[in-house]
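Encoded as structure tokens, the following chain is the form predicted on its own, with no partner shown.
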């Protein structure tokens, strides 16, 4: 059994940040275990902007955000074990922690003084939602649809109904629309949208996609492929939507089944602790868990007790506190939505300030006022997409180097669908000069061949 000082399970944004922070604090015997072939987690398929706003003060795409921490991880000195799945985490008789791992070479076991669990979360499927009806093809989770489109350039359907207004579902509603599919509606059982306000604005309102609140799918119909769904509102009224695809975006569940609770020296962080709204907050959670892990190791050497919100002993309490916070936030948003006042929601940062549409007041900074004024006169957006690599089945993700008029989004996508790039393109390279407008460039957000 191989000994390590600290093991980090997962190399997504939380795990990368945790490992780098530990190395920065002088810990040299760190092992990072990742089930995929490279670090980054889900970030590589999240080609949309909105990452890094609070942490770096920049509006990055997922691949760009991933590249920052990936570089730091490789330079940190931590040992990295890829394509390996943690099967079990348990307390050893000597007070350490045993981690059983299925690796390409077979089953291995490690013993360590501490483990940071940064294994993220998983999507809830149709079985969890208990949607009645037949079991045809054409039903996907939002994350699966996102991976198919953004990593494989595969269109999932032509006429789409989305179940649940989680952020991934909202983002994919925009992505489907830009790629030429028709999103018939987003069905949400709650009274208000479940995702961030800025995603509701950019992804639904921008493209006139209906959000049916206080509603649920009462039946899915179809034999080989979905051909319609019936949506029932809280008053019992039903309407049928003829579609070929249903996308589920109705919740995420922490991926913590491999770890026993109440293990001394086990720390949770990121989305395995609870589902965060922003990747920036996930990364910060990893750094804070690393600091507490260091405090635990030092206290252990000195024979002192140590408590942390990231400790496995406190996970249930932290999750319950988070539920109460979410419930309170929903109540506040519901009150705002019923106030009758006209607002423009600022999307320049995650705060999502509601700016009065007439006086342009209500923002926490002057960005809100400026955004609201521009939104009335000439609304603009960053465009993200994928482009084929010449003489290859590969694709790379791209974005405009600055916001373009909202009215040009669909026309820009037509240009992108006819483009190809040469192999060997690197992240940051210019793919097209004077794209759609003379002063706009289309740039690569990942390199060809990057994982």
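Residue numbers count along the first chain shown, from 1. Just so it is clear, the structure is predicted and the values come from calculations on it, not from any experiment.
The discussion below concerns the form predicted in complex with a small molecule, not included here.
This chain appears without its partner; in the predicted complex, the one residue of 98, 192, 171, 284 with a heavy atom within 4.5 Å of the small molecule is 171. Only one of the listed residues (42, 31, 425, 409) places a non-hydrogen atom within 4.5 angstroms of the small molecule in the predicted complex, and that residue is 42. When the small molecule is considered in the predicted complex, residue 254 lies well away from it, no heavy atom lying within 4.5 Å. The small molecule in the predicted complex comes within 4.5 Å of a heavy atom belonging to residue 46.
When contacts are judged by a 4.5 Å heavy atom cut-off, residue 258 counts as touching the small molecule in the predicted complex. The closest heavy atom approach of residue 86 to the small molecule in the predicted complex falls within 4.5 Å.
Highlighted residues 176, 209 and 378: none comes within 4.5 Å of the small molecule in the predicted complex, counting any heavy atom. Per the 4.5 Å heavy atom criterion, the small molecule in the predicted complex is contacted by stretch 78 to 86, the sole one of 228 to 236, 78 to 86, 214 to 222, 367 to 375.
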